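Single chain ahead, by itself, as structure tokens, in the form predicted on its own.
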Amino acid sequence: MSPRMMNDGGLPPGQRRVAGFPRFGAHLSRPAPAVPADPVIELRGAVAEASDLPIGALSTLPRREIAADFHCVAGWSATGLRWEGVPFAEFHREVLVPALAPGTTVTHIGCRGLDGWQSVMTIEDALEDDVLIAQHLDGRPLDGDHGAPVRLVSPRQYGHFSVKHLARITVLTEAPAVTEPPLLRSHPRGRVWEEERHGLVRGRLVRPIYRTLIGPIKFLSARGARPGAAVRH
């Protein structure tokens, strides 16, 4: 077993295991967006032509199931989750590469959900072998609280990179401009084992601050949970 897997019971630096898989995020104070009758993933950015890929088309691509933990930047980890879907590397090879404008060099991938949440990751991070466009969690189709109909899952990055309700993928040829104020600036890669929690401050220094936010964000998230859902910490 590698030294990093021995750390804190197998968790990345600064993480604490929780029971269940909480619905979590300051933007989740409202219910999950309704799933469109015919959901699509919009393909935008440095593609030869903008297009919309029906979610159903994912069934034609290779699929994979992984067991992976989910690590929130606030400091909690949900462990032993089973995700199933299309590896992003396969999606990139079969869908994005053929759609690129000639001579395009991709550096970043932007993802946006139906709820308006968005993230940007380097192409290196997006093509890691455990990154999925997931449709199932623990053997069941995703529900609204965890990203129906499909979501990105990037286990090696903090959870805010794993966009729920994936509705748009934007191909980028350079890093986008930084618009976040310094206090709220997230790390451009957010890798959990390197504890890249913040864009300007070392991860271990912001741990105590982020943990104080768990309670308020948990409260906000519960307000928007689907009826009857258990939001546990």
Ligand SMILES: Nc1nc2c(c(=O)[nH]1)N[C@H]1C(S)=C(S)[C@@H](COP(=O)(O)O)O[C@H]1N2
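Heads up: residue numbers just count along the shown sequence, starting at 1. Since the structure is predicted, the reported quantities are computational estimates derived from the model, not experimental observations.
Beyond what is shown, the protein has a form predicted in complex with the named molecule; the following relates to that form.
Visitor: Give a yes/no on whether Phe21 approaches the named molecule to within 4.5 Å in the predicted complex, heavy atoms considered.
Guide: Output for Phe21 is yes: heavy atoms within 4.5 Å of the named molecule.
Visitor: Using the partner position in the predicted complex, report whether Gly25 sits within 4.5 Å of the named molecule, counting heavy atoms only.
Guide: Residue-level check for Gly25: yes, a contact with the named molecule.
Visitor: I'd like to know whether Gly113 contacts the named molecule in the predicted complex, with contact meaning heavy atoms within 4.5 angstroms.
Guide: Gly113: yes, in contact with the named molecule in the predicted complex.
Visitor: Please determine whether Val163 contacts the named molecule in the predicted complex, using a 4.5 Å cut-off between heavy atoms.
Guide: Answer yes; at least one heavy atom of Val163 falls within 4.5 Å of the named molecule in the predicted complex.
Visitor: Within 4.5 Å of the named molecule in the predicted complex - does that hold for a heavy atom of every one of Cys72, Asp145 and Gly159?
Guide: The answer is yes; Cys72, Asp145 and Gly159 each reach the named molecule.
Visitor: The chain here is shown without the named molecule. Which stretch in 115-123, 102-110, 89-97, 128-136 comes within 4.5 angstroms of it in the predicted complex, by heavy atom distance?
Guide: Within 4.5 Å of the partner lies stretch 115-123.
Visitor: Taking the shown form as the reference, report whether the CA atoms of Ala26 and Leu166 lie closer or farther apart in the predicted complex; the distance changes by 3 angstroms or more.
Guide: Between the C-alphas of Leu166 and Ala26, the gap narrows in the predicted complex (3 Å or more compared with this form).
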